[in-house]
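Quick setup: one chain, the form predicted on its own, written in structure tokens, and binding and motion questions come after.
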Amino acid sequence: MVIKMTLIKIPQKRFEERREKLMKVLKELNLKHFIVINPTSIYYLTGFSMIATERPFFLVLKDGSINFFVPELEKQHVLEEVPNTEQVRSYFEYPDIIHPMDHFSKFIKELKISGKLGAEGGGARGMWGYQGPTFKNALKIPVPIHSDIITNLRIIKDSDEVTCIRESARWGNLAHQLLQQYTAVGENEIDVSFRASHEASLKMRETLGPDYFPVGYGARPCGAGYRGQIGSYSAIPHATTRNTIFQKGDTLVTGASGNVAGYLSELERTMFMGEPNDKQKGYYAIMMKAQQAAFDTLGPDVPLFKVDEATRAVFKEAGVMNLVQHHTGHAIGLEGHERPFLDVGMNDIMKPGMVFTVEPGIYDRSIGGFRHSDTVIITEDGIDIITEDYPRDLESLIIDR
């Protein structure tokens, strides 16, 4: 597998551009300042990745300048990782004698904010047992909530983001190759998944060089696995690992991805332990037809609901709509699932730079699940299926050992 040198870190100028875009949107809303509370949003705007806990952690954009309110254990981290920060105010602990939100109220006053202040949410995120007042109650001023602003900015990916997602797909491909190679009757799903993910991650690190690292708490370079979707449990779309031993006749549903600057792709395949029976082949053919219908419908200026309608039409014609448990797909980028969705309830229009997973599936508890997932970039004149290098045909996905 030959990998060309590629982007492994988002350039600082991109974060500056994102903050500028956000400030333009805020101006249209008559807001001058903004409190960001979502760790993914903070990374998107500054490049700072953190371990989110019960301790309140905020990015405060004052007229576009970067200001952080953090627990003491993150202060040095922020200063080193975001050197263009204007101010960093820290507090010792949560809940402590003085609640962090009381410290935050003083910090906002010290910033001498004039003009309207908005926020991504009503207060600190309710994680790991956190309790505390809202921004409105703590600051004693109205703080309008605009939870979708940054999410909306993330919908259309810039060229650097697309490059990272493409690179993610390349390494997900390698991890999946190894997963298929090591899967055999009598093997354990955990052992196979770990071996494939570990070897692929080592190769990824070796190839991308010493400056590469996966972004995010507990993140690994790349990986592939089954997550319990083996045999009849492959009919549970969000199954969890069950320490399963592969057996002849099993239907398998996989998953693979890579982490490049925090960006993800998605590659999933339906595979079989030995020659599938007629029922398995029949379901597989229907799933393939539905995914192709989605590919044929995807493209710029097309409403999202059209894609889900196309796959449902295939399922209805085949008489298996009762075996469908989810929509056709979702956007992907910094998070495994992002808005918008390939769903009959979405009227959004596809635009170049949007990135989706395309994964219509059918699930029969008596025999298994049937789902491929491919990552698709919407381009100016169509689509680019960046996971298509991995075989989708049935014969290539039969494991006979």
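The structure displayed is predicted, hence computed values, not measured ones. A residue's number is simply how far along the shown sequence it sits, counting from 1.
Form predicted in complex with a further copy of the same chain: not shown, discussed below.
**Student:** Is T53 part of the interface with a further copy of the same chain in the predicted complex - any heavy atom within 4.5 Å?
**Tutor:** T53 belongs to the contact set for a further copy of the same chain.
**Student:** Given that a further copy of the same chain is not shown alongside this chain, does E120 nevertheless sit within 4.5 Å of it in the predicted complex, heavy atom to heavy atom?
**Tutor:** Answer no; every heavy atom of E120 is more than 4.5 Å from a further copy of the same chain in the predicted complex.
**Student:** Verify the contact flag for G64: yes if a non-hydrogen atom of it lies within 4.5 Å of a non-hydrogen atom of a further copy of the same chain in the predicted complex, no if not.
**Tutor:** G64: no contact with a further copy of the same chain in the predicted complex.
**Student:** In the predicted complex, does G115 have a heavy atom within 4.5 Å of a further copy of the same chain?
**Tutor:** G115 lies outside the contact set for a further copy of the same chain.
**Student:** Quick one: in the predicted complex, does every one of E93, I97 and Y130 get a heavy atom within 4.5 Å of a further copy of the same chain?
**Tutor:** Each of the three qualifies.
**Student:** Counting only heavy atoms and a 4.5 Å cutoff, which of 135-143, 185-193, 160-168, 280-288 contacts a further copy of the same chain in the predicted complex?
**Tutor:** Of the stretches listed, the one contacting the partner is 185-193.
**Student:** Would you mind picking the one in H198, K316, K248, K106 that has a heavy atom within 4.5 Å of a further copy of the same chain in the predicted complex?
**Tutor:** Of the candidates H198, K316, K248, K106, H198 is the one lying within 4.5 Å of a further copy of the same chain in the predicted complex.
**Student:** Using a 4.5 Å cut on heavy atoms, which of P214, P276, G299, G228 is close to a further copy of the same chain in the predicted complex?
**Tutor:** Contact with a further copy of the same chain in the predicted complex is made by P214 alone.
**Student:** Scan 266-303 and note down the residues that get a heavy atom within 4.5 Å of a further copy of the same chain in the predicted complex; none is a fine answer too.
**Tutor:** The stretch does not touch the partner at all.
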